[in-house]
Ligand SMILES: NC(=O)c1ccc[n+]([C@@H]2O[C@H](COP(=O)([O-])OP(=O)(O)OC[C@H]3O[C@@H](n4cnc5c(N)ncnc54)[C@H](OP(=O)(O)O)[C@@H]3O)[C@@H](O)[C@H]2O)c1
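In the form predicted alone, a lone chain appears below as structure tokens.
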Amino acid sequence: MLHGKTALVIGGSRGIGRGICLRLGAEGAEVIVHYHRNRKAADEVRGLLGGKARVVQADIAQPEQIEAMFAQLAGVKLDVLVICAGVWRASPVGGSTVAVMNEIVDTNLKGPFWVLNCASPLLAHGARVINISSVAGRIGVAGGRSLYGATKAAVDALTRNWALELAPRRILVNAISPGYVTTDMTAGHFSDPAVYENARRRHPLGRMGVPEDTAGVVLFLCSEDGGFITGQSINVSGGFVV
């Protein structure tokens, strides 16, 4: 379905991003895997993809590194851009630090904005841009998650505005909002069996999300069947949030 298409997955070396890379590659896309720190994980994904897959690196909290990454991609036509990289940190009111605040905002909000700003000249007419957001941007949760949730609500706002701004180029911009997904990022949170079981019980479908759940929706949004959807944030939480 995606033969002859090129996809860049920001945050593609691990977790949800890894699942997206593998699904897009299985459908024939030439995938560019972005990573921040874990080159070994990125190379593993590239090895599984084979073909013309390549790896690029940047800390998306640093605009100059984003710019350097896209300088390496000069001349590449991007048909798909998935912005998946993000961080989760607790940010309790009265107990947070400037460093934590800056890390969350710089990575989860400023980073995606500057990625698209730099990627825009490379996007093909009719390209698909997909942000990985979170249902945390739609609900309030006690427990120090306010800043993370605020950045994900901001990603949804970016999605709506970008969809209108890029519509003249027939570029479709959507977001996907997962709930809890079992990845290495959530492994620490769910290392306590009681915490894991409590979260699982809250899912109407009786299981936690996995990266493949999100990857399947990414593929749909890249398909012709998803060709009249833009400016949306699609809840893929298995009913965890309705």
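Since the model is a prediction, treat every value here as computed from it, not as a measurement. Numbering starts at 1 and runs along the sequence shown.
What comes next is about the form predicted in complex with the ligand, which is not displayed.
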Going by heavy atom distances of 4.5 angstroms or less, which of 123, 166, 87, 154 would be at the interface with the ligand in the model of the complex?
87
Has each of 35, 58 and 181 got a heavy atom lying within 4.5 angstroms of the ligand in the model of the complex?
yes
Against the ligand in the model of the complex, would residue 13 count as a contact residue? Criterion: heavy atoms within 4.5 Å.
yes
Contact test in the model of the complex: residue 132 vs the ligand, heavy atoms, 4.5 Å
yes
Considering only heavy atoms, tell me if residue 107 and the ligand come within 4.5 Å of each other in the model of the complex.
yes
Can you tell me if residue 162 lies within 4.5 angstroms of the ligand in the model of the complex, counting non-hydrogen atoms only?
no
From the candidate stretches 94-102, 166-174, 79-87, 139-147, select the single one in contact with the ligand in the model of the complex, where contact means a heavy atom within 4.5 Å.
79-87
